[in-house]
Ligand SMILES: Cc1cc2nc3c(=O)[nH]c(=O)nc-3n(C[C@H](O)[C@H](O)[C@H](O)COP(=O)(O)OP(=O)(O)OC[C@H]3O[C@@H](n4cnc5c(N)ncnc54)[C@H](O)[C@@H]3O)c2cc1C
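In the block that follows, a single chain appears as structure tokens, in the form predicted alone.
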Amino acid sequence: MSQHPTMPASQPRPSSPSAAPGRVVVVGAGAAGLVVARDLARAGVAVTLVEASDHVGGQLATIRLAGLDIDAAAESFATRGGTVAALATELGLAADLVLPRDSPAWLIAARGAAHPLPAASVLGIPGDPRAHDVAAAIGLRGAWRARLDSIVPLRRPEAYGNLGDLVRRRMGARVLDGLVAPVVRGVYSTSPDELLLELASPGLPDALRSSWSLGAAVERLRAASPAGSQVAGLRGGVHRLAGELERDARAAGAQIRLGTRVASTDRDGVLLDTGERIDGHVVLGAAEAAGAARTRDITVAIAVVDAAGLDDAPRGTGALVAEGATGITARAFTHSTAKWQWLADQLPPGRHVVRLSYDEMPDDPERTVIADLGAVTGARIDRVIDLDVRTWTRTLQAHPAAVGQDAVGEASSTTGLASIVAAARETARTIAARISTEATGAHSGDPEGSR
């Protein structure tokens, strides 16, 4: 769930010559670690997965509120590449793949005005600044300034250091502050000035190199995107992936050891805090094992509320809030029962599940949630039935893995479930192929195979 890469997980480092032949030790049973352990076990590789806590899943976690099992962190995943859907299908969950309600996201401006996010946009960047919804969101002056992007040729896109620099110089401060910053803040938990172009949106650097302007690059990206929703979920919650991955990994022969803390790792294996050593090629799936260079805390408040005013979903499936918006502490709002029909079906009319994200823990969570919901949606909140508030630490940048080790997930500074799953599966394929090659070489008497 982090942003800036130090080493792509899809490019694993070579294993240590002295590591236990054919054995892999995965540290951390989050999504990435589970995927690697499961895929390696199914490929016939001896794998041990160690996890410090007493459960698997990491941020694929669940909470129980008002009798409902609800995702505590990620509740959807990007559909690009089909990687998560393919994994869910392999795990027997194909029938439970669901799409959210087709509804635009909203933007709450710093002055409190609410507008739908421009439809033809990527991360809030408009493909056509002349569109009516762009002017409605940032004003005519901002829209006119953004049109300069189509007049001044875009040269040397690599000269722009980050997304904020690119948008500010091409389309102006109003597009950046009024459209892009709230989206990036809500989606990536960072600012556009801290988001590298290659991580902002898949294909953006290539689209920029092939386009006359930033707007044209956005239109190129949209044209290349598959039709349909850009996100999907699972009936019952995305957290179900963790349990199915664990079950499948164990069935394939993976050893999963919970409540097992790693004291240190090296190129030959891991040392547990009990003094026990497990030899093998090390794959770091926990950011703590790799060491975080930069982190950010995100507080998520999930509530079940009685509010008849939310029945008509006045802000669709959610809203992104500009920094400094008057009277609003939250930076993003998700109307979960408007987004997911399977969740709404479990509640009576007038009762809703909502999620609000904060940069810091509110002093009075319940009062803050009620005030923010009212300010964002305009609805009266009659009662908070149940409330869960927890803070997640996201790794924005991890230290590079040591020579002879691989890193996946946040330990490799990879963000988003779609990217994490794709990179973890590629890492598992590469390791399995290498082990197979080494085993074949050893059996044939090839000196290379004995290394």
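Residues carry their position along the shown sequence, with the first being 1. Everything quoted here is computed from the prediction, not taken from an experiment.
Here the subject shifts to the form predicted together with the ligand, a form of this protein not shown in this document.
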Which single stretch, out of 396 to 404, 381 to 389, 24 to 32, 40 to 48, brings residue heavy atoms within 4.5 Å of the ligand in the predicted complex?
-> 24 to 32
Proximity of residue 285 to the ligand in the predicted complex, heavy atoms at 4.5 Å | yes
Is there any non-hydrogen atom of residue 191 lying within 4.5 Å of the ligand in the predicted complex?
-> no
Spell out, yes or no, whether the shortest heavy atom distance between residue 260 and the ligand in the predicted complex is within 4.5 Å.
-> yes
Even though the ligand is not shown here, does residue 121 get within 4.5 Å of it in the predicted complex, heavy atoms only?
-> no
In the predicted complex, the residue from 74, 197, 131, 109 with a non-hydrogen atom within 4.5 Å of the ligand is 74
Hey, which residues along 49 to 67 are within 4.5 angstroms of the ligand in the predicted complex, non-hydrogen atoms only?
-> 50, 51, 52, 53, 57, 58, 59, 60
